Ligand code: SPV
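First, one chain by itself: the form predicted on its own, in structure tokens.
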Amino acid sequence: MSTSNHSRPSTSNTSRTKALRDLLQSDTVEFLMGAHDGLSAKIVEGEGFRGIWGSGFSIAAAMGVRDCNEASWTQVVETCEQMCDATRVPILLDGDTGYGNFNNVMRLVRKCEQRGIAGICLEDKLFPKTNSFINGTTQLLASKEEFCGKIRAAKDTQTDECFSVVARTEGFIVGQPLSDVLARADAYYEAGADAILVHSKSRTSDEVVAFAQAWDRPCPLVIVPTTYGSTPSAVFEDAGISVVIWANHTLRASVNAMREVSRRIYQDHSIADIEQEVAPLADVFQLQGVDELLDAEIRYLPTVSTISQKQAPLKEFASHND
């Protein structure tokens, strides 16, 4: 059941970074849900998720651009800041390759900490990156040495000791054998990564389970089962996976919904048959925090008459859409 985030105490950046670190180091499998703006982040939190994945793919798609660093890092970080402002749970930012070399990574970490983002995930591909599910075997990886330098730069830059740097290896994506993927992950752990995200586009969980079984470092493992989502979560927990990321389903769900409602309204030249199927405006007002605004008006507006004039239209409009 959804819950409202309004009228809750604010959450400090330190408590968010600690919350993310606790999720990464949990003894049981934990789950992050992807979001791409303030509204989707509020919905994800309201449905019970204790952490959010700031999906680079979904943020780019919501902007109408491709997932190959066409959205600038400042646009992505600004979007995640809006998500932080709208929620209290920690956000792990999909930081792609770090948007350049080690120097870009250092600036990215500083800006993430300033904006309240709890951690970043960096992947070992070349900048500009290409989405992992597009011609993956033709993509090139950065050298282990270069990527380890980015990890060290990120860890040396952070000021909050709980800010998390997750190192994502794309070895399986480009067709490397298990031994090579393990070697990369081992090097990233030695460079200071707080967790390893091992990515796979296999239709089964065999690759990531084999990796987890062979992994002998005291370092949490993260997976993104977009292509093997039919695997029961118990399999991941038995394999020792710490965090599962459902990366892009809020965005993909919204595409279907917006396409269908647009098609029907265009076809019918009417909203009569749609109105009962979409979220009532009262729900949107709740997500926006209108109730909080009305409470504030009682406290801060100078006269009762002014309060009544301002409240009545909002309450009346909301009641018509219950």
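Please read these numbers as outputs of a predicted model, since none were measured by experiment. In this text, residue numbers run from 1 along the sequence as written.
Although it is not shown, the form predicted together with the ligand is what the next lines describe.
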Fill in: All of Thr97, Lys150 and Asp194 within 4.5 Å of the ligand in the model of the complex, heavy atom check
no
Discussion item. Heavy atoms within 4.5 Å of the ligand in the model of the complex: which stretch in 264-272, 24-32, 282-290, 52-60 meets that?
Written reply: 52-60
Discussion item. Quick check on Asn131: any heavy atom within 4.5 Å of the ligand in the model of the complex?
Written reply: yes
Worksheet item: Using heavy atoms and a 4.5 Å limit, would one call Arg184 a contact residue for the ligand in the model of the complex?
Response: no
Practice prompt. Using the partner position in the model of the complex, report whether Val244 sits within 4.5 Å of the ligand, counting heavy atoms only.
Written response: no
Worksheet item: Is Thr226 a contact residue for the ligand in the model of the complex, using a 4.5 Å heavy atom cut-off?
Response: yes
Discussion item. If you apply a 4.5 angstroms heavy atom cut-off, which residues in 257-273 are near the ligand in the model of the complex?
Written reply: none
